[in-house]
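Just the one chain here, the form predicted alone, laid out as structure tokens.
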């Protein structure tokens, strides 16, 4: 091979060398990430305060058998179920942390939520906002509540018929829907650790309260409120706005942007960039029965059950008209419109509110001057 041919050969090999270098770098990165994940799986889990209370209540520990104190108390019988290995315990603990604190507000180090934050847009989302009491809401006597979005009941009905897609959706796929729509985020891979950990926790919950697989329990899903369950047979935006200001704005804010104190989300956004998107089943315009049911069952905090069906539908109708992310199924024009609404509309509302607040003051001054002149 002469010098000219060698030079041409080397030039042709440059793209191949670049490709090999890139693939090698990706392989090294993947290997490092795999080692990090394996190391994290073996580390002790720092539980949130809520998860520590929850798992202590159910006496989660490794052993050959597991006996739920909840089941013993409710039935008077000690029922032995298959026990848990140390690695099972850690997976359950991580899953509980994800449900309770998806974005890692209570995490001492970001690595504790490495497998959840990367799938979330915005800064407000937590599974516990909908699946309250860390997915296992009960009353003071330990009775599970109808329509309380129980994760345990959702797990045992693992291959449930989904009326929106017409498919039998495994539990893992339903988790993906939550990340895409309710969390306005990104779809995890079905084999990702986050799916495995959440599944491990919810499966443990079903054992702890002694639910049987392929059975339908009243605490699964939301106790929905259709329009036929109201006297007016319709929804009132203006009334919903008034009720929102009276019952909801104190926590969720006048514009529904939530309440954040010292960087910590106290009450989540129901509108704006940090809220669920328009493809979520929480969005009244998409499914008009779910959000009213959730409101009536769970809101306002400390006053649950005080709102009528009509109140809940009117509030949900008003909330649905707040600007929010379009969702991944929407086209680019719809997404752009929602982004403009979220950026511009709040400023216009604030400007109008400032003008309205200024009017009474100017009228008061005018009246005072008039009184002084009369005197």
Partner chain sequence: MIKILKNVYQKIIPERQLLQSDLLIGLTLAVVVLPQAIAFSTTLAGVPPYFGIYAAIWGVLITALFNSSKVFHGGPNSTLSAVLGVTLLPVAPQFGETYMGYALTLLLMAGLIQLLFWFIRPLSRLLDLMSEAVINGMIFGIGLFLILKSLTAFAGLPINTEIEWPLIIAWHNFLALLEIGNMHAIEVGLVTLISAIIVRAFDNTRNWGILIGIVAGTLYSQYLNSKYGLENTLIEQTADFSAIGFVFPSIPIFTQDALPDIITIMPGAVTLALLGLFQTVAAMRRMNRKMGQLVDSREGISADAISNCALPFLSSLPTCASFNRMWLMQSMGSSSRWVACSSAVFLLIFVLLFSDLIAIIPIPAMAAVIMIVGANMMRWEDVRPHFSNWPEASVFLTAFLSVHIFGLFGAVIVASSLAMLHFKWQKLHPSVFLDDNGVLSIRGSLYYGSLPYIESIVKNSLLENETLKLDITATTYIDPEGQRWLHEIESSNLITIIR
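Throughout, rigid core stands for the largest set of C-alpha atoms superposing within 1.5 Å between the two forms. Quantities reported herein were computed from a predicted structural model and do not represent experimental measurements. Numbering follows the first chain given and starts at 1.
Unshown form predicted together with its partner chain; subsequent notes refer to it.
By the criterion of a heavy atom within 4.5 Å, residue 43 is excluded from the residues contacting its partner chain in the predicted complex. Using a 4.5 angstroms limit between non-hydrogen atoms, residue 185 touches its partner chain in the predicted complex. The shortest heavy atom separation between residue 65 and its partner chain in the predicted complex exceeds 4.5 Å. Residue 286 falls outside the set of residues with a heavy atom inside 4.5 Å of its partner chain in the predicted complex. Interface residue among 39, 306, 321, 31 relative to its partner chain in the predicted complex, by the heavy atom within 4.5 Å criterion: 31. With the partner omitted here, the residue from 223, 128, 106, 193 that has a non-hydrogen atom within 4.5 angstroms of its partner chain in the predicted complex is 193. Per the 4.5 Å heavy atom criterion, its partner chain in the predicted complex is contacted by stretch 328-336, the sole one of 66-74, 43-51, 312-320, 328-336. Each of 114, 121 and 180 comes within 4.5 Å of its partner chain in the predicted complex, counting any heavy atom. Taking a 4.5 Å heavy atom cutoff to its partner chain in the predicted complex, the contacting residues in 10-24 are 12, 13, 16, 19, 20, 23. For residue 31, the Cα coordinates differ by 2 angstroms or more between the shown form and the other one after the core has been superposed.
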